[in-house]
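First, one chain by itself: the form predicted alone, in structure tokens.
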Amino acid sequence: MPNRDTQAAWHYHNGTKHPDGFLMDPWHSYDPMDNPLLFKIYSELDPIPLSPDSSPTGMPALEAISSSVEPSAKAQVPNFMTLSKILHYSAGVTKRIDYPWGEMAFRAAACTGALFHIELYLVCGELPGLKAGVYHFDAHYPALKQLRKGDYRGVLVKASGNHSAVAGADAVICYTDVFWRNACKYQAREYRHSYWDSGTILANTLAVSSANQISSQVVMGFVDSTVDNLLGLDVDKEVSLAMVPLGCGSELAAVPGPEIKPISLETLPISDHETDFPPVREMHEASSLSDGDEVTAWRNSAQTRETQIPSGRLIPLDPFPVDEMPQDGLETVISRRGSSRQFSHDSISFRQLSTVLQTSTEGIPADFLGSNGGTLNDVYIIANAVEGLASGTYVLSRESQALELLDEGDFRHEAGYLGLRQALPADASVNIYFMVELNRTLETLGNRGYRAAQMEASIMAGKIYLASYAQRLGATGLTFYEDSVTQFFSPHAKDKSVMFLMAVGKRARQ
């Protein structure tokens, strides 16, 4: 089983590190004027226009981020309007800005390099306002385009090893990665970004589903080839990453779907030329699952992380009380969100930081985290300017809902260096790192554990984006010098690998 040969994950991880990863070409050049087409467009299919601009749910963003809707006996059936909202506020175009070189369409969730390489597909049964079928979400229009007619949910049930949430779902969103759209800039490192950028989208999907009282869960255990074939993907260029089953009103159970016949539908070319980066495909293949039994075994291997016993001084988190929580609505916050390009040195409050941390780490409903709200990543912090918290380094103790002090001092310079010597992490009020004991994760979940660790970190990062903007703060995701981050937080972070970095602070006036 390729998934259990974890040398593949280590080879890819070490080979794509900054600086000088041996799978990276130092002579690679990137010209933003030659960006690929940032939308997948099926040119010969009729659009079914979406209607996302209906009345907002009214749920405050901070409540939606930290809550989830559990499947229940009461049917939760998403209708066409609800699906429109979920798709639009997950990955739709929220604003368009004209620049001297042309219009830029910004999406609901952050994406490395604004290259928007994640595509969304919908597989559903008969729903109010929508026929059963397999659809592609065309964010450019916005619309759904039907790729297959009929109810194919049973195909996903089988592919997921009869996962209960998939078996009971009225609809399933599938997330895919178009390699070249991101690799044109980031080369072989693109495969990390596929989970970074699908994770920030998933954070939105979970929040919008919750706000609309639709149950949802992240499913990463499935037979890759089956899902790819159902969606009609050219796997040399695009692959499936994750699924989110929506609702629980279905009585489908394990009913098999129709036969999956090959489909070949015309799409607009995204580029005049594409360069292949074999390490991306090789890492994906090495972390793929081949049949339902392997999927079930993989999911059953998910374990709750052992409780970490703090040894340093604890500073209890102090989030806003419920009656003082900022009330900006979820849809408003998603539409307002962006990636901050400049921070001031002004302090944020400890209450604001506490609210960000609490709402973003409440727990993710995901098959790779087990049934007890487990986690793969630990949360490390450099506090540069937080009123009510001494500058220094910390680790979040989730069990105690407190920050454990590691080292007190001014580490702005170090924060800038660790974030590829950029001004943003040095200027930010706080830098939040997600770090995983990668060896243990790979031993438990195989190479696919590398996917899961990146995904969990990026979903929490997506929640940090929303929690920050809900409080009128700024936030941005950044890359980093991996080994230097581990060394900086050691000995506490010894043997841990950094998966994601978020910088949070007050945006500078421009």
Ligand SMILES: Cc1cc2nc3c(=O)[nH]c(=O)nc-3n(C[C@H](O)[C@H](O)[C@H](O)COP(=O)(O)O)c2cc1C
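These numbers come from a predicted model, not from an experiment. The first residue of the sequence shown is number 1, and the count goes up from there.
There is another form of this protein, the form predicted together with this ligand, and it is not shown here; the text below is about that form.
When this ligand is considered in the predicted bound form, Thr112 lines it closely, a heavy atom lying within 4.5 Å.
Under a 4.5 angstroms non-hydrogen atom cutoff, this ligand in the predicted bound form has Tyr465 among its neighbouring residues.
Interface residue remark: Ser484 is not counted as part of the site for this ligand in the predicted bound form, having no heavy atom within 4.5 Å. In the predicted bound form, at least one heavy atom of Gln422 sits within 4.5 Å of this ligand. Only one of Asn229, Thr332, Gln146, Ser339 lies close to this ligand in the predicted bound form, with a heavy atom inside 4.5 Å, and it is Ser339.
Of the residues Leu478, Leu442, Val69, Met59, just one reaches this ligand in the predicted bound form with a heavy atom at 4.5 Å or closer; this is Leu478. For a residue to qualify, one of its non-hydrogen atoms must sit within 4.5 Å of this ligand in the predicted bound form; none of Tyr121, Asp177 and His284 qualifies.
Residues with any non-hydrogen atom within 4.5 angstroms of this ligand in the predicted bound form fall in just one of 191 to 199, 261 to 269, 237 to 245, 285 to 293: 191 to 199.
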